[in-house]
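One chain comes next, on its own, written as structure tokens: the form predicted alone.
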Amino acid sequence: MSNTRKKVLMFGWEFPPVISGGLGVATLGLCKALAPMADVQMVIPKSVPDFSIPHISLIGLNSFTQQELDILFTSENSFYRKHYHQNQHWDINPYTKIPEGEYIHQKFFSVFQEQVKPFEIDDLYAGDVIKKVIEFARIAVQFGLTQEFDIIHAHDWMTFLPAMELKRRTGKPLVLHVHSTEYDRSGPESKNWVYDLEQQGMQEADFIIPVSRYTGKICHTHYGIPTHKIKPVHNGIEAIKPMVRPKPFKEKLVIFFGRITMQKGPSFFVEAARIVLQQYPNVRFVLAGSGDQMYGLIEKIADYGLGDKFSFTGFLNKQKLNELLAIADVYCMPSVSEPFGLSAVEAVQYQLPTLISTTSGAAEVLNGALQFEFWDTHKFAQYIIASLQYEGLKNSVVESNAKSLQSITWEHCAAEVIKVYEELEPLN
């Protein structure tokens, strides 16, 4: 690769301080580490006044005024007509069910018939997310066409539309960063518009960067992407000084944090906890996070008569999460499908023994973690008990994971991404 710094036009959906989970944290970490090596323009739905990142050009589409948009759209693009419009008749009335494919085309039609107006978004994932994704793409494409760049780099399906369109328009190479897939979220039977968009994006990209070999295998096996296009790069994490906080009670504390959804396996955490409490009653369990399984699990725990042994905290900000990690004894990540699992690495920073499912990217980098099949709640439970009872085992897990931390850095991640960029040069 030449010594000239590459200009990267990057698209993200989450970005601090507007985040909902690990995607925003990972995007920020990579951007900051790339800054010394490349010129990065990060285009996101929503930026916050007075928030900036050194050496990163941060463009929130919510900051464009009507006048600025009118200038961008002096000649309306053919984005919709060229790639998404199908000459078919929609017989839409209150009594007909519209197949999803036709419904999505109707959304494109509606968005592209509207006069462009300032992009507004309060909650990144509330309301009609797909309509917001299409509106984001419409403006992001027009903005991108006014910029100079060498590489297009997009993070997850919400940003694939403008990235694909700009590749078609400019011929610039496209890199897709896959932090999570519809297969992870919904299982192997998920074949919907999001899945189709992910597959189309992966097919059109020059390279795909999954956050683990585990996710790379999913891209190959479930999306049909050839292995030569798949370049796994593990996430990193910023070094911290762990918070010190006295525990306010005598019992041991075992924690789960993440979305309370099928993908994250909270039901297996509850089942393992029930087994643990039959043998080791002097322990409490915490589920930190929110999601569609929360109320069902609360009812199940009540049916088991274990309500006094469990706490649900809801979503925790970084400060509250660190306070929880500071008093915990064991961390658990029983995910059904986990592309990486930054939360497991955060727990390692707090010197907690980590119990993680084999179906996770973190299992590839945390050499000391105790691993189990997510469905094997008996083995999971025995690992919890052993981690609480045997100091030697706990210390061994913690020490081995501490060594693994030395290579789990954003600087290492960025260096690997630059290597992928270098392979693009012949395509430029």
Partner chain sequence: MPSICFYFQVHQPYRLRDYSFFDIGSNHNYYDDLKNKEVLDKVAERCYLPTNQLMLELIEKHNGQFKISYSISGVALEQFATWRPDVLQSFINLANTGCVEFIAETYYHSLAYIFSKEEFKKQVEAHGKLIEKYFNQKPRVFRNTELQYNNELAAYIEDLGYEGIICEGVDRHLGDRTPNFLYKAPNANTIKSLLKNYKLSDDIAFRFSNQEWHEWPLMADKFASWVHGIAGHGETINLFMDYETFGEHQWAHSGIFEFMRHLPEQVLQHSDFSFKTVSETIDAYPVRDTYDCHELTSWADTERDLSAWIGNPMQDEAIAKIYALEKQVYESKDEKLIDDWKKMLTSDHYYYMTTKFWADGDVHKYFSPYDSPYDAYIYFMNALSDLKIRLELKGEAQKS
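Source: prediction; values computed, not measured. Numbering follows the first chain given and starts at 1.
Another form exists, predicted together with its partner chain; not displayed. Remarks below refer to it.
Residues with any non-hydrogen atom within 4.5 angstroms of its partner chain in the predicted bound form fall in just one of 121-129, 161-169, 319-327, 268-276: 319-327. In the predicted bound form, its partner chain lies farther than 4.5 Å from every heavy atom of residue 71.
Although the partner is absent here, residue 148 lies well away from its partner chain in the predicted bound form, with no heavy atom inside 4.5 Å.
A residue is said to contact a partner when one of its heavy atoms sits within 4.5 Å of a partner heavy atom; residue 306 meets this definition for its partner chain in the predicted bound form. Its partner chain in the predicted bound form is approached by residue 299, whose closest heavy atom lies within 4.5 angstroms of it. With the partner omitted here, the residue from 224, 248, 281, 188 that has a non-hydrogen atom within 4.5 angstroms of its partner chain in the predicted bound form is 248.
For the residues 203, 313, 106, 192, the 4.5 Å heavy atom test against its partner chain in the predicted bound form is passed only by 313.
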